[in-house]
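Here's a solo chain for you in structure tokens, the form predicted on its own.
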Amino acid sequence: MDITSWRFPVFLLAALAAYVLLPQNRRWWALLAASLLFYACGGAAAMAYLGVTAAATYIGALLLQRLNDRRAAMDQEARRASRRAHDRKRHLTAGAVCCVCFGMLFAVKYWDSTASALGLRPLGLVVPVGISFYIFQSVGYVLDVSRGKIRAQRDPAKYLLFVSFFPQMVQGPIDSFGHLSPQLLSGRKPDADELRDGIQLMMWGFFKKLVIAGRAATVVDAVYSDAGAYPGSVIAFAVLMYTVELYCDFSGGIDIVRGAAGLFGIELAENFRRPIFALSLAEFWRRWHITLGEWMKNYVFYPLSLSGAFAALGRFSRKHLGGMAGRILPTSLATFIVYFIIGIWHGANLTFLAFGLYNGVIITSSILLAPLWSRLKKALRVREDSGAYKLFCMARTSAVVFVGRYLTRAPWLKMSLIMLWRTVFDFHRRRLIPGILALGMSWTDLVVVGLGCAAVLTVEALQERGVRIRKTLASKGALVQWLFIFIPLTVILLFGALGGGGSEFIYGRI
């Protein structure tokens, strides 16, 4: 179901009515029914993938809980004696669940590209909406049960709701069982403030998606379909528009799903925190898709960096390299591996592999060169708390991100490198405006995108300074509060839904 179509608000209103009308201890059934109906719109195959993931992780978590309970019932001496056998069974069970889930994800997302490279037969499977998000969320649940952080959910229907909660299906966030499940099952009726805040947040998300990202996509699609036909100036503008499109598409989608969940009194995990104000590339990715970064940190980075192999690498590097390099090499390598995996997670294309390498190399290099950079700043008497230095860091980070966008949108790696080369060596600035207008983007579109970006930047700058905008609006009269719903709605109808705004989200099929 396309959440930018008129069907989604109707669906959401019906689900909310059922939720409110049911008794409190039965309201979670309305959420489960709405979630399964929402995902059923994707077809039988999409439901099958969801069912396999839910069944594998549900059964695996119960087996792990049984192992943990048996060990907890032993006395201290017996636990000490059985520790190795217990850990082996625990790791085998969790590993089997991971193999089922990630094996299915590989088959759906990566097999065809791998098969074509190896001359094997492709499967032609369609990637259903949200498969990466619910698989990562479900595997995280299993690993938390394995570690004893939470207890397994024994009710299969309640667990299925955690896996399938419909607002998350579009593009996350990847939430934790301990945070999300109690809210889903509480049956708490939302109050008027939550309903108003949820609608306002959804309107803001629709504005970013339909008015800004939808218009920017016009130039992006045209140039990336035949990049060799355009000069470097038009290519650079298209990459800039892709950067705007991706920023507003992703953050707008997050606002829509968080607002939709808020209508039921459910607060999803924060997944986007104004990355435009990041002072480094590492901070940028900590602010962008926050829950994916947290997942990678908890289930990839820490297990790697604390493993026996990395401990041995640490001893070796300290002995043979010495100094700062010897101390941080294992951590830097674990960081590089995490960003390499994130690159692959985005897609099977070589461009995403290069994107992961690009970010991994830059972030790892920044860690290794941090002492040298600190000495340079001290020699130049740079004040790190000054506004000028922060602006420099934000501009530097934005430039690094901008170059990375040449990789993520191109259909193949060679084209992204050609586009980058033409931007540097074949710019032709005088052909920029005629080239833009020839692509179907009018002066009105340029003004709308420019004003929209200014509005987004202003709002995020206020939020970055600690201004809680919805709380401030809540202190005003009802007229002001509802104006901030109807004004964005009017703009969306005039310049978004009726102006050719895009529908499918970029992260929707990841």
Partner chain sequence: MDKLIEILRSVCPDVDFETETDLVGSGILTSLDIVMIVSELMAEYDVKLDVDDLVPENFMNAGTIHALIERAGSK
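Positions refer to the first chain, counted from 1. Note that the structure is a prediction, hence the values are computed from the model and not measured.
Omitted here: the form predicted together with the partner chain. The next part is about that form.
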property	result
Contact residue in the model of the complex, chosen from 286, 431, 158, 71 - any heavy atom within 4.5 Å of the partner chain	286
Residue (of 298, 183, 113, 317) lying close to the partner chain in the model of the complex, criterion heavy atoms within 4.5 Å	298
Residue 82, heavy atom within 4.5 angstroms of the partner chain in the model of the complex	no
Any non-hydrogen atom of residue 331 within 4.5 angstroms of the partner chain in the model of the complex	yes
Any non-hydrogen atom of residue 373 within 4.5 angstroms of the partner chain in the model of the complex	no
4.5 Å heavy atom contact, residue 269 to the partner chain in the model of the complex	no
One stretch from 302 to 310, 91 to 99, 127 to 135, 254 to 262 that, in the model of the complex, holds residues within 4.5 Å of the partner chain by heavy atom	302 to 310
Every residue of 327, 335 and 367 near the partner chain in the model of the complex, heavy atom within 4.5 Å	yes
Partner contacts in the model of the complex for 118 to 140 (non-hydrogen atom within 4.5 angstroms of the partner chain)	none
